[in-house]
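As a starting point, one isolated chain is supplied in structure tokens, in the form predicted on its own.
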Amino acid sequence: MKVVKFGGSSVADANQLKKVTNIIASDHNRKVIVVSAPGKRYPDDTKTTDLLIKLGESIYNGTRDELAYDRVIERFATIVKDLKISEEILRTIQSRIDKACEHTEKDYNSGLHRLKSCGEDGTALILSAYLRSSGQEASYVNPEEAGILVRDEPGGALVLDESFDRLYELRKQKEILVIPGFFGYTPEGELVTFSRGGSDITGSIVAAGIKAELYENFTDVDSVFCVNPTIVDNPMKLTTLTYKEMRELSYAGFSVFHDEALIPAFKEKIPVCIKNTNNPDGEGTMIVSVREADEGHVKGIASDSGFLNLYVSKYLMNRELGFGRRLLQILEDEGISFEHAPSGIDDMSVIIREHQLPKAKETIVTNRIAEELKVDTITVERDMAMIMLVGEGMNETIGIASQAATAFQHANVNIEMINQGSSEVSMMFGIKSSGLEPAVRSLYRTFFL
């Protein structure tokens, strides 16, 4: 039994949904389907989820955005019409959106969760109906009915362990099951969404729950590339990655996969295959728990901008018990999460995404650090970028850091910081954002050409 997840681009319109139906029909083992909300049909299009969020925020502000509402309904109406399925499906979708809007007026936070879920829910209702009209046995399954229980946490829902036993019961069903991604229910019956891109998480949870032989994730690319294809022309495709490598790449700027999505599949050692809805016969990229050792060891180069470096120094910091804990406690008190924290004997850097520390909050944080920790120096350096070399076993390979440093030199880019620690999978370099693209190209030439 396979679990198959189709992303937003794969369900963007009726033509794409027809391709999805053909993919499902081509393999009788594709029994459990997880779907996203309709994505972009063309570059300047707006995702359905973004329209629903815009609608919810306008309700909160007391100026309901009727244009956003109409665009969502029109989007689903066009798909229903083009697929020639019953308009009763559209009335059901519209009714659920209307109820979510009413709930948002009474309770914004709870209502917004419900409103955001309507995109995936609508896709699942449509696809299950279209599968039936195509002569296949198929059912829509609500996540609560499927057994996806979650805990509401800041930043998105977290799955509860009892979900997996409940999901295993789905194996008893004979027909194709279509489940909307992105949301689950608390034990009290409250709908809660995962973090953005959470349909990938749903797919992985369901695959782990039913103990699938394979979790297929269909998107709009043939495979995972070893580097961002908008920076390097025609980069090398990766046919196999380990879970650890893919998670590092996903976290550090690769947009193919949600960085939390692999965890449930990883725990159950279920292989994952990333494939292209528009080229379903392509090889794709397999993500596995272990793979045979290969030459090179660097499997990918991930990069992202929008970071800052909070730097503090204090003489004899290393002898001051609890200094690091108190520094990070100040950040926690101010609701700021950090990404990396390389340190020396007398100094410490904390890498933070810039949106976590806006200018207005920067003064509060630096004043607290100066007053409570009595530091000698404190600076905030913005406009930073991070580049990560990713590959299992890099720490056992001599010369990786040396080759990387030479590549940065050839690109005429200064390395502001290096952080590897004890990681077997990644090595991180901090640079100024202006040097991101030349540095990535130089690293690609060094490790892949």
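A residue's number is simply how far along the shown sequence it sits, counting from 1. Only a predicted model underlies this, so the values are computations on that prediction, with no experimental measurement involved.
Just so you know, the form predicted in complex with another copy of the chain exists too; it's not on screen, but the next bit is about it.
Residue contact with another copy of the chain in the model of the complex: Q420 places a heavy atom within 4.5 Å of it. Taking non-hydrogen atoms only, D27 never approaches another copy of the chain to within 4.5 angstroms in the model of the complex. Within 4.5 Å of any heavy atom of another copy of the chain in the model of the complex lies no heavy atom of Y168.
Under a 4.5 angstroms non-hydrogen atom cutoff, another copy of the chain in the model of the complex lacks T363 among its neighbouring residues. Site annotation in the model of the complex: the residue of S349, S303, S163, T277 reaching within 4.5 Å of another copy of the chain with a heavy atom is S349. A heavy atom within 4.5 Å of another copy of the chain in the model of the complex is found for one listed residue only; from T186, N318, Q94, T78, this is N318. Three-residue candidate spot L328, S337 and P342; every residue lies within 4.5 angstroms of another copy of the chain in the model of the complex by at least one non-hydrogen atom. Residues placing heavy atoms within 4.5 Å of another copy of the chain in the model of the complex fall in a single listed stretch, namely 399-407, out of 37-45, 66-74, 52-60, 399-407.
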